[in-house]
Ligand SMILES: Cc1ncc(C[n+]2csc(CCOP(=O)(O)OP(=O)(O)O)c2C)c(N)n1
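Presented as structure tokens, the chain that follows is alone, the form predicted on its own.
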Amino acid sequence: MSTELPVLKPADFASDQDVRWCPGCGDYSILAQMKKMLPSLGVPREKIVFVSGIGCSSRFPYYMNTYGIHSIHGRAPAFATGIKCVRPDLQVWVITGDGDGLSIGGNHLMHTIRRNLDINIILFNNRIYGLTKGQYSPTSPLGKKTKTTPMGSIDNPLHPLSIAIGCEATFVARSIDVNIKHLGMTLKRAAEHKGTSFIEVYQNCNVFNDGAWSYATDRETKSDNIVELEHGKPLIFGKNRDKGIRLNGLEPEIVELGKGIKEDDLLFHDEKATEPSLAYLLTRMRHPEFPEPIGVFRAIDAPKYDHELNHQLKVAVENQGMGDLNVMFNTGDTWTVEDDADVSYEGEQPPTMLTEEEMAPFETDLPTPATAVERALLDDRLEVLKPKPMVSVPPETTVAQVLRILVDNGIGCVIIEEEGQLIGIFSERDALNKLNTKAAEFADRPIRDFMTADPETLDMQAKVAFAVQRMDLGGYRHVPVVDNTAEKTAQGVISVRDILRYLTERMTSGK
């Protein structure tokens, strides 16, 4: 006995969420055409996933009655890759924008396309950051004035389809939000393609970049500014369909039909061509020099990453059985780090450790100190600074008590110890940064809540030059000094003032 599946309608793909795009946004049209197209595929809703990043377009999954993930900025392709690899039975759509997909997530987008996963990527291109209210995006044209480019953008814009072709995309297409019939057809072609399909949709942001694509949408001008690609047919355009594109060597040129030029003289579109050069040439036809192509630029077959990956997994399991992560993590070349820091090696090739003799040439290559002070910095060890005896407190000591200790003892920090172990430091800087004007409010809180845990320490035998470098890089004013035992017992504290005193003494003594 078989159960007949219900025939879905566009309304079945609408979620119960209120759509919160700005009135008049081009996103509405893309959403509507998606819901209208999906029933024609015959794919159950539970087999469809929409994955988005961040941006206006990325609210898309909320409005679809399918599975969906509103992920993190620019990472939708990475999420989609994982989903498709472990669930190849799902139909996966990536929804992204020109900022999310080409700036923050440009690297992820590029590698997903080149791998040719069987997923569909729709890039809503409105040439602006709309969600953050009008900053220029990677596709904004040169000279575009926005809140972040008040004198005009000086960035050369990215062209999404040129990038996709450059990544050897197997399906590349372009459509326009208001050209609903063409958009629906293009979405269906993408869904039916096996491999990564990449669609750029010209989408109007009527609030922050209204009219960005007016030349391609205005009724009076669009016929002269766009050319619709049809496989196997010549590139003809114009209100009277009397103009065409012809190749002059490797350069396209606009010609008028009927003046000694026939349709056979024109460039015929071949979306099945494995060589991508002509498809790339089409992506470089840009307004106002040329009519901009819409439609399918390229649609070829090539191995799919998810198919290949799962095939390799199947072969590996057949030959070696199911794997065990625990076994893998504990097999092969491993090191055991003992308490005394000795390292024993269990692999075939023992690690190479330099002896003192082997280290000698490197030491002789060090630059020769130019002054007595430089020589002292490289030779003297921290013990010459005579680190001050530290004042230590247990972690339960209150903030008020610690502040009193700092004042009464005229010191810049206290060490926090627990069962004889150094666990933190609290300094004047912590008082300013973490307590500030709320010191009274925090007076009864334990100092554990405000200390710097696991602070940087220095070995008593370290060179002064090393200490100066570490304090400079870390921005430390006080650093605990520990002994050379395994317990690293705190011996005292050195401060920036100790370093200054040392340098002053060396400069005045000349040695």
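Every value quoted in this text rests on a predicted model; they were computed, and no experiment measured them. Counting begins at 1, following the sequence as shown.
Just so it is clear, the following notes concern the form predicted in complex with the named molecule, a form of the same protein that is not shown.
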TL;DR on 431-439, 288-296, 143-151, 96-104: the one with heavy atoms within 4.5 Å of the named molecule in the predicted complex is 96-104
The one residue among 277, 310, 401, 132 placing a heavy atom within 4.5 Å of the named molecule in the predicted complex is 132
Contact with the named molecule in the predicted complex, heavy atom within 4.5 Å, among 64, 481, 467, 56 goes to 56
Q: Flag residue 126 as yes or no: does it have a non-hydrogen atom within 4.5 angstroms of any non-hydrogen atom of the named molecule in the predicted complex?
A: yes
- [ ] Please check if residue 314 has a heavy atom lying within 4.5 Å of any heavy atom of the named molecule in the predicted complex.
- [x] no
Residue-level contact is defined here as any heavy atom of the residue lying within 4.5 Å of the named molecule in the predicted complex; does residue 73 satisfy this criterion? yes
